[in-house]
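Given next, in structure tokens, is a single chain: the form predicted alone.
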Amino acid sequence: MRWPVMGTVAQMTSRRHADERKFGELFVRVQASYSRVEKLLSAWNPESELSRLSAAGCTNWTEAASPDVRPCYAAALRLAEESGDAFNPRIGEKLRALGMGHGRYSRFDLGAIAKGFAVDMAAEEVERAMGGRYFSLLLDLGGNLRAVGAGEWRTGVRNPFRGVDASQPEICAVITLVGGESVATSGNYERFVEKDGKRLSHILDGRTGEHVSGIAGVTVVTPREYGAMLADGLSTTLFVLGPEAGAAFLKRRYPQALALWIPDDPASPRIIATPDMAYRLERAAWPVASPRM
């Protein structure tokens, strides 16, 4: 099943699920969970809780937010502190301080982590509803995936250069997820800006407010204990940090996360992957190297 929500498309896929009525019930739960997160955390909806807190000049975001979304605020602030603001939910404030801000930016923006958080919330709803019964679902919210229940799922790493060269394969590698694992991707191939003849990602360096260049895509896989929220936040963080600093950051802070970077070099495409990610990759279309550390 597919439906629009949170500015993207959600999809829920079931495997070996004989009870179609139960699947329909799970779909309703997941849909309601996503909608609630959207109403609370959207930076684009002026009526959302986040927008209202921003307009009111909130400074203690975690305490002011509704209890069920406080973990998202807390995780965003923690990731900002750990990364030295490479990941920066206060990017709106940074842009204003640099004289670059305009009305599009909320003072606080969870767009780089909220979809993963929504997937985790929906996964918890599904697990509560199913109890100890066997099931296997894949939740997908705009490319933020989580395998829920038992079984394995295979997902492709999108080729960021496909739009530049139609002869390129659509998928540059395949990753297998097991129950509880999540995957998130950040890339410059759908949303980008042109500057001096160069394509720049819509992702901003939270430390400077500048568009990030040099990286075309980052994919992160996280275990159950990290969740989809962290996969979402880490994909943006690692996009900003790049392979060397990003791999060092993971080793120091999140050693169970796997990551790969695709440099923005369509003439010589390659994948830079942490060792565990390189081991996990299947059908890699290009050479795979390790980050220099």
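Throughout, we count residues from 1 along the sequence that is shown. Every value quoted in this text rests on a predicted model; they were computed, and no experiment measured them.
From this point on, the text means the form predicted together with adenosine-5'-diphosphate, which you will not see here.
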Three-residue site G111, L204 and V240 fully in contact with adenosine-5'-diphosphate in the predicted bound form at 4.5 Å by heavy atom: yes
Contact label in the predicted bound form: G142 to adenosine-5'-diphosphate, heavy atom within 4.5 Å: yes
Touches adenosine-5'-diphosphate in the predicted bound form: P89 (any heavy atom, 4.5 Å): yes
Exercise: N159 in contact with adenosine-5'-diphosphate in the predicted bound form, heavy atom 4.5 Å: no
4.5 Å heavy atom contact, S186 and adenosine-5'-diphosphate in the predicted bound form: yes
Per-stretch contact check against adenosine-5'-diphosphate in the predicted bound form, the hit in 34-42, 264-272, 232-240, 251-259 (non-hydrogen atom, 4.5 angstroms): 232-240
In the predicted bound form, residues of 115-129 near adenosine-5'-diphosphate [heavy atom within 4.5 Å]: K115
